[in-house]
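Here we start with a single chain on its own, the form predicted alone, put down as C-alpha cells.
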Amino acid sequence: MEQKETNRFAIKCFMEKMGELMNEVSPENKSEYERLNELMELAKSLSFEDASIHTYNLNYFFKYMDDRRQEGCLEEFTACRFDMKRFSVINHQFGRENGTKLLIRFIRGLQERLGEDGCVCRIQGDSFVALFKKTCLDFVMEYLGGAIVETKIRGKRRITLSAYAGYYEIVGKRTSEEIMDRISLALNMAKYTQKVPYVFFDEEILKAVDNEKWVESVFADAMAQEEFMVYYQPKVSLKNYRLTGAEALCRWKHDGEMILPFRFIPVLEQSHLICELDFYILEHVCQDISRWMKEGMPIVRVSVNLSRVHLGDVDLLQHVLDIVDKYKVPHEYIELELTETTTDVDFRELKHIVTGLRMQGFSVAVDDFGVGYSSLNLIREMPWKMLKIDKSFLPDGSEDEEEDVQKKVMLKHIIGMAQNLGLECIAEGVETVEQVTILKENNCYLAQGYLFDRPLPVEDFEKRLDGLV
C-alpha cells in the first residue's frame, strides 16, 4: 500500500508539473504542445489504472460517477462494493501468482459483460467497487453469486469464484462519498452481521448503524459494570443422558433489558472489541471452575468460543495461559472453540495456534463443522480434539424426503470420518427425539441442544452439577 501511495503521489506531482509546462507553451508551437498533451493524457490514464491486475482503480470509480452525474443520468445506475469470498483459501491452494490470474479473469469477465454500461474498479487486495446500469443488476448479482473461471492450474479446467456484495440503487442527488458509504455499509452487513451473499442498502441499515454506534459507546462501561454474564449450555452423553460438559455463552443485561447476541456480537467482531469480551468470558468461566473446585463440586469440561479476530494475535496462547493459570484451573477443564469459517485466515497461523493450545493440554474444537468452505483441508491440517457438527446436518422433519435422506447420509459420513481421525464428535442444536435416535444409530453419543437444556445462568447450571454426585 505504501508503494501504491508513493506512485499516486508521483503521478499527481507529474501532472501538476505538466500542467504548468502546458500553460507556458503556446498552442502555436504545435509539435511541442501535442507532445506535452500526450504525456498529460498518459499520466491521467496511469492515475486511473491498477496495473497489477490490469483494471481500473478507485480514482476512476469516483471519476466515472462524477461523469455520470454531470450527464444527469446517475440515477439510472446501481453502485456495488464486493469482496471475494475466502480468496485467501484460493491463494493457499493454488499459490498467490495463480490466484492473481484467476482474479484477473473473474474481474475481466464482469467488465466485458458490462461493456460501456458500467465499470469495475479495484480498491485493494480482493476488494472492488462497480457502477453499472440498473438494467444490468440481475446479471451482476448472478455473476457475483458464482461465476465459472476457466483455468489450467494443477489439472483443473474450471473453478467457481464468488463474492460478498453490497448494493445501492442510486436514488436522488447523492454525493460520491454518500454512495460509497452506502455500499460499504451494505457489504459489511452482508459479511459480518447477516452473513449472507449480498445486501441492498435501505433505511434498516441506518438503524443497524445506530445500533452499532450505541454498542460501541456503552461497551466499556458495560464491561466495567460486569453486565455481561456467562450462561452454560449443558452437553450430555446419549449413552446415559448425564451431563458431560458445557458451552459457555454470553448474555448481556443492560438497564434491566436482555440484549440479544445478534445485536452486539457482530458489532464487536467488526470493531475487534470481541477479543476483550472473549477474554472476559474465559476469565469468568475460570472463576466459576476455581470456586467449584474449592467447594468440592463435580467439574466438567467447559468450552469457550474464540472469535476469528484473535487469529492475528501472535500472543494469543500466552493470553489464554495467563488467564487460566491465574485461577489454577487444570487445562483439561477448558476447551477452546474456533468456528470453521476460520479458514478465512492463513492456515499456517491457525495451525500454529491450535497446535500450541493442544501442547498445553487444552482441548480445541472446530465449531459449526460443515458450513465453511474447505472443511476437509481444515480437518486434515489441524490437530483438533473435538468436532462439532452444525445443526443444519440434522434432519428436522421440515425437508422433503430426498433432502432428509441426503442429510442422513452426510451425517453418517461426517461422524465416521471424525471418529476414524481420532476426533471426539458432538452434535449441536439437537431438538427432537428423532434426531437423538439418528445420532445413536451413527455412533455419535455427545449432544447439546434445547431437547436437553437451554443455556442456563450459573446458579441453575450448578444444580445440574450437583446432580452428578
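This one's a predicted model, so the numbers in the text were calculated from it and none came from an experiment. Numbers for residues come from their place in the sequence shown, where the first is 1.
This next part talks about the form predicted in complex with a small molecule, which is not shown.
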inquiry  = Within 4.5 angstroms, counting heavy atoms, which one of the listed stretches 306-314, 349-357, 328-336, 166-174 is next to the small molecule in the predicted bound form?
reply    = 306-314
message = Is E424 near the small molecule? Define near as a heavy atom within 4.5 Å, in the predicted bound form.
response = no
task = Spell out, yes or no, whether the shortest heavy atom distance between E283 and the small molecule in the predicted bound form is within 4.5 Å.
result = no
query = Applying a 4.5 Å heavy atom distance criterion, does V89 contact the small molecule in the predicted bound form?
reply = no
query = Does any heavy atom of R251 come within 4.5 Å of a heavy atom of the small molecule in the predicted bound form?
reply = yes
query = Tell me, which of I274, V140, L74, V302 has a heavy atom within 4.5 angstroms of the small molecule in the predicted bound form?
reply = I274
note = Of D404, E431, D66, E441, the only residue with a heavy atom within 4.5 Å of the small molecule in the predicted bound form is E431
